[in-house]
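For reference, the chain that follows is the form predicted alone, supplied as structure tokens.
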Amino acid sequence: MADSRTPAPDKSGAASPAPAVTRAAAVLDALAASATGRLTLSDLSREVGIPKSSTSNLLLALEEARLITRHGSEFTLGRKLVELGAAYLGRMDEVQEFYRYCEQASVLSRETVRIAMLDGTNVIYLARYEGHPAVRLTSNIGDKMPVSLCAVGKALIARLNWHDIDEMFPDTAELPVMTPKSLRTGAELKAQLKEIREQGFAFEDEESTTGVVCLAVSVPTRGAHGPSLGLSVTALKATYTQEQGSQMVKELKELAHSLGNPMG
């Protein structure tokens, strides 16, 4: 552990073509990862690995840009980030079509539906349609979730080639655990991925939240550089039926086709 009086070695920016930008990003990442959402100058100096004087100048520039906000001796993420995030999502045709479809769908309009993007071994939730007010204990927009813990994550990595999957998740790899039903090893995950490929959708059975199940499908990628997107729908296990699940998957696949093939 780094000494509380001195910063750790510079963990960002040293090999970057624009070190100040890289360190600024590291500050935002540290604030986003903080359990309380608040960090002091000393905290951030240690996180970024540069002296307090340099960190102070960095924080001043971020504050002037409204990317962070000062609260006494602590700092939080700034509202400008919300504006930037909204602008990013507002320009994603897939997100707009997602909401339009969910509003008119006979089944999904009454459920909690989400669209997510693959980010390494995590997914990031981009949008959420809430047609079922009882299911609100699931991930929020902008949240990250390990792929092994959620149906949409498993649906997305199931379409990768096996070589990449093996590199990401060796058989003995220990996976994050959130409930007694969470997958524990890379071998368990890959066994599920085979089933997902065969049936064309992923099913999560109380693996991230007790009492909640989830179904998901991947979206065909638009072009060579399109984002890896997936769709999921959440339901309470106590009232979930296989017939309901079949109807949900049918509409998820229709929406996925619409998002991946906008011309029909």
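Since we're looking at a predicted model, the values are computed, not measured. Quick note: we count residues from 1 along the sequence shown, nothing fancier.
Below: the form predicted in complex with another copy of the chain, not depicted.
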| query | Of Leu41, Ile196, Leu67, Val213, which residue is found within 4.5 angstroms of another copy of the chain in the predicted bound form when only non-hydrogen atoms are counted? | reply | Leu67
| task | Identify which of Ala202, Val219, Leu31, Val48 has a heavy atom within 4.5 Å of another copy of the chain in the predicted bound form; exactly one of them does. | result | Leu31
| Just to confirm, Asp119 within 4.5 Å of another copy of the chain in the predicted bound form by heavy atoms? | yes
| field | Contact test in the predicted bound form: Gly72 vs another copy of the chain, heavy atoms, 4.5 Å | value | yes
| query | Would Tyr129 count as a contact of another copy of the chain in the predicted bound form, using a 4.5 angstroms cut-off between non-hydrogen atoms? | reply | yes
| Might Tyr99 be said to contact another copy of the chain in the predicted bound form, defining contact as any heavy atom within 4.5 Å? | yes
| message | Quick check for you: of 184 to 192, 165 to 173, 76 to 84, 149 to 157, which stretch puts a non-hydrogen atom within 4.5 Å of another copy of the chain in the predicted bound form? | response | 76 to 84
| Check Ala238, Val249 and Leu252: does every one of them have a heavy atom within 4.5 Å of another copy of the chain in the predicted bound form? | no
